[in-house]
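Here's a solo chain for you in structure tokens, the form predicted alone.
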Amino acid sequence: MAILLLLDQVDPTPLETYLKSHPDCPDVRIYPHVGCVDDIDTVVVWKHPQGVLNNFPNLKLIASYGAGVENILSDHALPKDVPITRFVDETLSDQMAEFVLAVILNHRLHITHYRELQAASVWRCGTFLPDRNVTILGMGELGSTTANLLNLNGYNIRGWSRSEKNIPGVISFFGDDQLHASIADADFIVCLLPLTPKTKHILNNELFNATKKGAFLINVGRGDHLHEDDLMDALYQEQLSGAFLDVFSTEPLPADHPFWRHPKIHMTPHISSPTDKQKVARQILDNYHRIKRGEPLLNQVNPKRSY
């Protein structure tokens, strides 16, 4: 039997190398060089073409290359009763927490602005922003680790989630009724939610208008969390002071997209928390053998919750 790597916008070769470095690794193939489709019992996917997974009659496991599974679950031709796993690791959480802290510090200390002044040979001193109220939307592994690091650095943390959480140093808000209350006093709104039908476009005018004027948005969740026109509106109306975006509905972002040249939007190309290829290789192999032995899988997805 064989593992197939079906990765869009990701070079599969390093993952192949790490998988093959383990003595318990089966045959590994890279799409579209599938060989005999009957051999494929595990597929590692990232933004796969819709319907393609039905080409493998002996499929036993669908493994997401990253933490997100929205592309998998949005496949209307997804094979039924095939378990799905996602990559969960403390490396991802730690990287995300450091990234969010860096974005907040960059905004408060005007680091990017000083780089622009340097390019113009201008000597001008500003004042550090005192803002320290952070609301994190999404208090799973990524959100709770980010909250802990920010708390250690003196930030006041509120967290909003689907159900109530008990996380030291975090004031918990939960459920639809408490969403707006969670961001009412936020200086920074950080989106780390999973993408589900309920959270699509959750970052919209209704939410922006519920926070205090001048809040700063950080979206490191998924591009479809954001209603793009509503963000442009909130920036124009100065309801938001700015936004930092690492994820987008269309990636790569089209060259003619207005976000590129907007003075209040800072962007990075989906690099906030890159997958550790060595660790994802080990998790894939662990689950591959768990399937063979009939054991519970690591980080199995609940399709009803979309994560």
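The first residue of the shown sequence is 1; numbering continues from there. Note that this is a predicted model, so its numbers are computed, not measured.
One more form of this protein exists, namely the form predicted together with a small molecule; it is left out here, but the text below deals with it.
Student: Even though the partner isn't displayed, in the predicted complex is Pro83 close enough to the small molecule, meaning a heavy atom within 4.5 Å?
Tutor: Because no heavy atom of Pro83 falls inside 4.5 Å of the small molecule in the predicted complex, the answer is no.
Student: Does Val247 make contact with the small molecule in the predicted complex, using a 4.5 Å heavy atom cut-off?
Tutor: Val247 belongs to the contact set for the small molecule.
Student: Taking any heavy atom pair closer than or equal to 4.5 Å as contact, tell me whether Leu192 reaches the small molecule in the predicted complex.
Tutor: Yes, Leu192 sits close enough to the small molecule in the predicted complex that at least one of its heavy atoms falls within 4.5 Å.
Student: Are any of the heavy atoms in Ile265 no more than 4.5 Å from a heavy atom of the small molecule in the predicted complex?
Tutor: Contact check for Ile265: no, nothing within 4.5 Å of the small molecule in the predicted complex.
Student: Heavy atoms within 4.5 Å of the small molecule in the predicted complex: which stretch among 233-241, 100-108, 138-146, 120-128?
Tutor: Stretch with heavy atoms near the partner: 138-146.
Student: So which of Val34, Leu253, Ala67, Leu53 gets a non-hydrogen atom within 4.5 Å of the small molecule in the predicted complex?
Tutor: None of the other options qualify; the answer is Ala67.
Student: Identify which of Ile157, Val220, Leu217, Ile183 has a heavy atom within 4.5 Å of the small molecule in the predicted complex; exactly one of them does.
Tutor: The option sitting close enough to the partner is Val220.
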